[in-house]
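One chain comes next, on its own, written out as structure tokens in the form predicted on its own.
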Amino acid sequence: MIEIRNLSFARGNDLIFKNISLEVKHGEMMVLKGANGQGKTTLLSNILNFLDPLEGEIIYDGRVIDNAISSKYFLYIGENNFAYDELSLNDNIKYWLAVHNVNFSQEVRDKSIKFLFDELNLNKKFYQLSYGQKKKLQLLLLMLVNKPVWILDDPFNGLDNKTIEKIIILLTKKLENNGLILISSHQDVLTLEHKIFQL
């Protein structure tokens, strides 16, 4: 379970949010809603221990979240560039899995790629992909990295309806397996049960 207790965050003299408290249990999904600039990504960065809050605390399964807990239990997919442009897709995938300390079979990788892409040339360089293809490649991590908590920052942005439906299938399976999901999104595309927190 993730518990946020009276969390406040400021950037310089600007108070981004104040006294936020929420709770998400395993087997649940929470969607953070709010217009751009309301602090959704900042709140996720606090949870991931990328940023230190002004006040309050964030707990995961009874322990205050630090870098070790975040790295071990959380899979984060954000909006920022996450790959090396000049590397092939195959080399980027190998790099991501090494970072997450994952051993995988080529069969699992190929089945996962087929689920998301139907077909993909792994010898292509990352910069050769469209924005939507880059997003889909990033979401491949959901299928290849097994961590109990998924933290997804605007995961549906730039994706077509068919791909969104596939991602919803992955989210559904994660919840069925007692996973915990936190999503920030400004799109109303989710068709499965979830909590909403409005920023």
Partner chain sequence: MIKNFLKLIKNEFLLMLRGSIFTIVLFSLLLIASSIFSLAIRNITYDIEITIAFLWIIIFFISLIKVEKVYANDFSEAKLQQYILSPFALEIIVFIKNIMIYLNLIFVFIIFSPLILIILGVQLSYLIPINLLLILSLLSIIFISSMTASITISKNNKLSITSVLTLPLFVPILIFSMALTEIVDFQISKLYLFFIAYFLLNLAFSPLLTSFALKRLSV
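Positions refer to the first chain, counted from 1. Bear in mind the structure is a predicted one, so any value in this text is a computation, not a measurement.
Beyond what is shown, the protein has a form predicted in complex with the partner chain; the following relates to that form.
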**Request:** Run the contact test on Leu48, Leu51 and Tyr84 with a 4.5 Å heavy atom cut-off to the partner chain in the predicted bound form and return yes or no.
**Result:** yes
**Request:** Considering only heavy atoms, tell me if Leu152 and the partner chain come within 4.5 Å of each other in the predicted bound form.
**Result:** no
**Request:** Find out whether any non-hydrogen atom of His100 is located within 4.5 angstroms of the partner chain in the predicted bound form, and reply yes or no.
**Result:** yes
**Prompt:** Should Lys125 be counted as a contact of the partner chain in the predicted bound form, where contact means heavy atoms within 4.5 Å?
**Reply:** yes
**Request:** Spell out, yes or no, whether the shortest heavy atom distance between Ser70 and the partner chain in the predicted bound form is within 4.5 Å.
**Result:** yes
**Request:** Using a 4.5 Å heavy atom cut-off, indicate which stretch of 62-70, 128-136, 32-40, 165-173 touches the partner chain in the predicted bound form.
**Result:** 62-70
**Message:** For the stretch 138-161, I need every residue with any heavy atom inside 4.5 Å of the partner chain in the predicted bound form, listed N to C.
**Reply:** Leu141, Lys147
